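Have a look below at one chain only, the form predicted on its own, in structure tokens format.
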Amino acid sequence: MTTAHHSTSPQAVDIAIVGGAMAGATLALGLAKLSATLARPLRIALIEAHVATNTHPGFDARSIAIAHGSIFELTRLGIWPMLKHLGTPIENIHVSDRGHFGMTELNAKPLGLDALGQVVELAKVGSILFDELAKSSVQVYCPAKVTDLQPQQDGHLLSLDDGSQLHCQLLVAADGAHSVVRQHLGQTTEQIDFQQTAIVANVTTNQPHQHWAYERFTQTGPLALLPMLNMTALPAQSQESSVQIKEASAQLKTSAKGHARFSLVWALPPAQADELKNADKTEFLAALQHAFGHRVGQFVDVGQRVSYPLTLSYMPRPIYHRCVFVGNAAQTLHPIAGQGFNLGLRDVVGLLDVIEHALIQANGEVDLGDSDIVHQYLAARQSDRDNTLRNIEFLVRGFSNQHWPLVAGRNIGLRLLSWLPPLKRPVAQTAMGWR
């Protein structure tokens, strides 16, 4: 990893991004692409505390579902072609309510699509994005942490733990749920505690997944399974030739006749989650089988189990003086609808659009931290954020509840989706991140 050089006087940049996980790295690459089209290129700095490895908290063992709309945006930014070989297509989604009659399916084919989205493992994404950043015009400070942050009239002065200082016109906080930038600026979040804990693990079944994803609402909370690539079939690098990728795809089809890997997210009451996280493998798999049923066959193995409390945390106004917040720094979501990364990416795209528009209007010479630009970002993101947060809270409360009128209502709703296919399109479009 190349690290930017530092001198005694502050390095002047147009934009400093703090946090280089999915949101921050994507934004930096998007800005570099935009910068290449300008008469005066943008000076962009990315500050990231951890080198991109499997132990990086933003690129850990979790898998994420990248919605169809997000893939469209990542393709537009030139990023998806680098990640495509890591993706497992979701062709169908099965939604059910355990112990009740409600169930429905969302399918890609009737919508004229190959897939509703793709599942990628974060651990493999980080090194690819950082290799691309090393080739770009972005000054990367990594590993480096912000130790001090001083708002000034014309920007922000950042001090890093490697002794360097930066002065930026616009500061972007992409540093996650426990944002250091937010703490330095004394900004708070509003929180809803769902009194649930998620267990996240990779599990293996004795039947192929056939590119199905599952969302099952149980008495303790939602349980989601996302289809994953079989590891033996995965090309090691994004630079693999198309022949190798075709061979890998052929291997996948062969291996699909046997076992399958899924990424599991299972919401439970905290005490039960703690118990199951530490239970032996046989006991855990039996409990999972009981909760999920046999729709994917027998659960035969589970990898490392991690857990985290489920809260919905958000900044009502994800802006400050010459500063905008994106991704998990602006909001962290319950994983019920798999919308966390997708909403964060829409933050990134929204900011890129606002910056590009401002540069075009001003013919390239513009103060990117100007109050107008910061407030345009706020306005651009307001309704999408509000709607997504409201929908997720509704889903969690509606489907983690055994109050019989709610049970009846949600089961009738799921059945109606099955009986009246035209109702599925808007639901599918929301799930795919189309606005």
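In this text, all values refer to a predicted model and were calculated from it rather than measured experimentally. From 1 onward, residues are counted along the sequence shown.
Another form exists, predicted in complex with a small molecule; not displayed. Remarks below refer to it.
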item	value
One stretch from 175-183, 273-281, 214-222, 352-360 that, in the predicted bound form, holds residues within 4.5 Å of the small molecule by heavy atom	175-183
is_contact(Gly338, the small molecule) in the predicted bound form, heavy atom dist at most 4.5 Å	yes
4.5 angstroms heavy atom contact with the small molecule in the predicted bound form for Lys145	yes
Leu83: touches the small molecule in the predicted bound form, heavy atom cutoff 4.5 angstroms	no
In the predicted bound form, His50 touching the small molecule (heavy atom, 4.5 Å)	yes
Proximity to the small molecule in the predicted bound form, single hit among Val374, Leu34, Ile64, Ile392 (heavy atom within 4.5 Å)	Ile64
Leu268, Val265, Cys323, Leu74 - the one with a heavy atom within 4.5 Å of the small molecule in the predicted bound form	Val265
